[in-house]
Ligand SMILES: C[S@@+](CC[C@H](N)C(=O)[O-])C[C@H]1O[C@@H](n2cnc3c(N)ncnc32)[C@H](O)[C@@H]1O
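What follows is one chain in structure tokens, specifically the form predicted alone.
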Amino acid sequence: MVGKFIGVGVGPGDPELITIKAAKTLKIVDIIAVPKTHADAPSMALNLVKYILKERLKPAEILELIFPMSKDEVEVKKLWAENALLIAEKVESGKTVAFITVGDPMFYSTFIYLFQTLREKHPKVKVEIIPGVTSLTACAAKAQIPIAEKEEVLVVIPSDLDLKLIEETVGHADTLVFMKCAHRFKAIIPILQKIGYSENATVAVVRRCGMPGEAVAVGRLADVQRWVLPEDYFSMAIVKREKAPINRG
């Protein structure tokens, strides 16, 4: 019997934002694959689903997959291939493997690279993907700022995109979302002003959405330089070209 590989999004950080389908799946799969940057690193994704795993009739096998933060492309691809082979062997032995990932599996996720490697090297592996609540939508809900409406154009920008590319990209957008941006968001403000975003443009910066230490700041573009923005990997900024109603509660 051949098994299956399932990418499972477990939401942005609040355990209550895990979907019913994800929870049901995690209660019945044989193996739960957990991505980690190194062997001793804690897994945020695994921590989010611990309460679900306690409800299982029998414990799942936990398979830790190491994906180090490295810029050595050859080494990284080698590790992707090794992890994909490990998954393929488990599936071909009849096991159902769920790979848990924070947020959504197809939105800036580690899962994407594993999925692509499996498609390339092990095309017979059956794959299913269960979407999760994204950090983008969760942060917009926390800040109570619409991401897009009517004919508005939305642009999502990775944190380390070159500043020149940012300037070339955002000119026609109505809403900008900067991912993992706290460490450099203030440096981007002059670019937004240069391309026509007014000082009254609405800005929200959300850190650790749904997690302990959550912080939400909402105001005008002109206010941002006075804000204290601690460097935090789990941070996002939303910028609306037009002034939006703000719930200051």
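Position 1 is the first residue in the sequence shown; the rest follow in order. These numbers were taken from a predicted model, which means no experiment stands behind them.
There is also a form predicted in complex with the ligand; it is not shown, and the following applies to it.
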Students should find that, of K180, K186, K27, R220, the residue having a non-hydrogen atom no more than 4.5 angstroms from the ligand in the model of the complex is K180
As a check of understanding, the residue in T96, T117, T134, T175 with any heavy atom within 4.5 Å of the ligand in the model of the complex should be identified as T134
ask   = Would C209 show up as a contact with the ligand in the model of the complex if we use heavy atoms at 4.5 Å?
value = yes
_is_contact(N83, the ligand) in the model of the complex, heavy atom dist at most 4.5 Å_ = no
Touches the ligand in the model of the complex: V102 (any heavy atom, 4.5 Å)
yes
Answer with yes or no whether M236 is in contact with the ligand in the model of the complex, where contact means some heavy atom within 4.5 Å.
yes
Of the candidate stretches 145-153, 106-114, 88-96, 165-173, the one with residues having heavy atoms within 4.5 Å of the ligand in the model of the complex is 106-114
